[in-house]
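Read the single chain below, which is given as structure tokens and is the form predicted alone.
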């Protein structure tokens, strides 16, 4: 979407009055939308933080940015593909599958998908009510589990794990499809025994879940998970530090992905250049906008988790900084 504002009336008045001899023409404004995730998740903070920095420089570059709550990774990629959003946050595994036309994108290769940069790590996290007596992933059998809403990376990664385990949702007494913003409340209200969330930490959703009910994090380990990591470069072992959440004092071992910021080759180079510049020219400020960003390093964000080609606008900025 583009909006052109021309102050023709003011210019005519200036000229007729002798003015300064030049017409005052307002700068062109471009409006961009970033797809995020649920409002209690880190994706929402990523989008809001990027927009906050972009909008601070709107008078110079003319770009105005919004980052509404969305369904998550796959929803964001599909919206970019359909031209409904210009950018979005997506798990590194779904960036890979979308660009290569595999998994849930089988036969729908999106070769215009472009990586911009990666962000924080996202461990696959299981949170369970203590009265459900769930101490391992195997203990989820026969339980009420929130597997995530369709279109979210949370749900898609759960489907991958189920396939790796040789399970289906029939293993659960209930497989609910609540959005990330709804699951902590459901756990506290005893409507589910466990919730699954692929998310950066600390997570507002998990903080809510562990402070409003007696709950704990559950390790996700074993031969099936080891095989999944070995066969897919976009997965890696991950740890949620002990003491981060009430009820879990020891480290929780699992696996995870990276959150990545993606766009399309159809989005103008200048637009992406200005957005990348807004983030990295204000990198210390960006890192302060959420605890999950605290240990980010610029060099890692150019490579880790990015399987689609980098957008030309991002490459332009990185070359100016001498990073490529």
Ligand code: GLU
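Fair warning: this is a prediction, and the values are worked out from it, not measured in the lab. Positions refer to the first chain, counted from 1.
Beyond the structure shown, there is the form predicted in complex with glutamic acid (GLU), which is absent from this document and is the topic of what follows.
Chemist: State the residue from 272, 32, 42, 50 whose non-hydrogen atoms include one within 4.5 Å of glutamic acid (GLU) in the predicted complex.
Modeler: Of the listed residues, the single hit is 42.
Chemist: In the predicted complex, which of the stretches 196 to 204, 222 to 230, 243 to 251, 209 to 217 has residues with heavy atoms within 4.5 Å of glutamic acid (GLU)?
Modeler: Careful reading of the contacts points to 196 to 204.
Chemist: With heavy atoms only and a cut-off of 4.5 Å, decide whether residue 256 touches glutamic acid (GLU) in the predicted complex.
Modeler: So residue 256 does not count as contacting glutamic acid (GLU).
Chemist: Do residue 95 and glutamic acid (GLU) come within 4.5 Å of each other in the predicted complex, heavy atoms counted?
Modeler: Heavy-atom contact with glutamic acid (GLU) at 4.5 Å: absent for residue 95.
Chemist: When the contact criterion is heavy atoms within 4.5 Å, does residue 146 count as touching glutamic acid (GLU) in the predicted complex?
Modeler: Taking the distances in the predicted complex, the answer for residue 146 is no, it never comes within 4.5 Å of glutamic acid (GLU).
Chemist: Taking the shortest heavy atom distance, is residue 153 within 4.5 Å of glutamic acid (GLU) in the predicted complex?
Modeler: Close contact exists here: in the predicted complex, residue 153 approaches glutamic acid (GLU) to within 4.5 Å, heavy atoms only.
Chemist: Can you tell me which bits of 50 to 82 touch glutamic acid (GLU) in the predicted complex, meaning any heavy atom within 4.5 Å?
Modeler: Heavy-atom contacts within 4.5 Å come from 71, 72, 73.
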